[in-house]
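Shown here is one chain on its own, the form predicted alone, set out as structure tokens.
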């Protein structure tokens, strides 16, 4: 019997388990899914209980399977949720969808498939020839043929600051997803938020629905907010023009030319960006590393705001708060966050050669998941790196691996035992964090594992 262990049961790990069961056929198979039960199928992304935290992709495109992208929308109707195809459903409901899908898949599995959900945490992995042992926090040891590291999001790095006094301050929140966040922040508090991406938008939405009255100051290097979705437009693929280009500046010129063409023909720039999605990973892999670094340094923030967009409902809240001058967005280089004895924070940043100081009552870290695995505090990651079984990719965006998820150890050897999927492959594939990419990876990896990969 083939044994496959999946470490991490958020959306990615759960989808991999579902695909393994779905494609197992008559093959004897044991799946061990290691995850705390309350996080199963949800992870960080879908663990919110607030209905105003919405998906960033329309319902009709969020199906769990790459060959059935409308599956989620049909499930919504079958479950008596009334959302149109282009509606942005609550993420809470999507977590419910994944858990129910997993439950139904378990009920329909064949007798040849054994599935164990272990309410535990993996802390270490050892590899002996072609097998692995996984040490669990409970003291148990799991023996398996394959280990799939389905890491979710790690806590964000602390913002760079001359002083680190703020780290232990009562109202510094490293975890923007803690359930009691709005309870810990007084409604009259002035709030400083580091990072202005999608998580920032979720936090501001939470404050808005909590009737927050204090000032909200969002800050990032470029001061860019995610763009808003504008549906109903299309644009033909022009990937053939891009595949032979290996310089970021040439790629940028081509994309800009097509954006102008889209505008002239009554389409929208968003449709141009969306047309690139099926080929983005392939384009990324053909780029020389210096070009990838150039992109990361100069253009990645612009790509992120164009590619990862806000639902119109969320965008309207941000606009309303900005129009009322309650929400302000700043840009520049953060110099210092000083926590005073009175509990207040003094923030110093510089922009265009001008240094600015202001104070806040609370500070929230929305920088995003730590992607440099050398700085991840997880015992499992620390032990895997210490043994040299995995290493950080050269861009420090995740785990070094082949495009199919097989990890590469410190000696440059590709492993047939330890694999990864999802966010840890961002440095390898670039686009590897959203559901359309994750569902394709989960399906492809399941087929590979079952067919001897």
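Positions refer to the first chain, counted from 1. Keep in mind it's a predicted model, so treat the numbers as computed, not measured.
What follows is about the form predicted together with a small molecule, which we do not show.
In the model of the complex, at least one heavy atom of residue 11 sits within 4.5 Å of a heavy atom of the small molecule.
Among heavy atoms of residue 153, some come within 4.5 Å of the small molecule in the model of the complex. Among residues of the shown chain, residue 39 is one whose heavy atoms approach the small molecule to within 4.5 Å in the model of the complex. Not displayed here, the small molecule is kept clear of residue 429 by more than 4.5 Å at the level of heavy atoms in the model of the complex.
Heavy atoms within 4.5 Å of the small molecule in the model of the complex map, among the stretches 28 to 36, 412 to 420, 390 to 398, 66 to 74, onto 28 to 36 alone. Taking the partner from elsewhere, no residue among 248, 252 and 310 has a non-hydrogen atom within 4.5 angstroms of the small molecule in the model of the complex. Note on the partner interface in the model of the complex: the residue among 190, 145, 121, 338 having a heavy atom within 4.5 angstroms of the small molecule is 121.
The contact residue chosen from 270, 258, 91, 171 relative to the small molecule in the model of the complex is 91, the criterion being a non-hydrogen atom within 4.5 angstroms.
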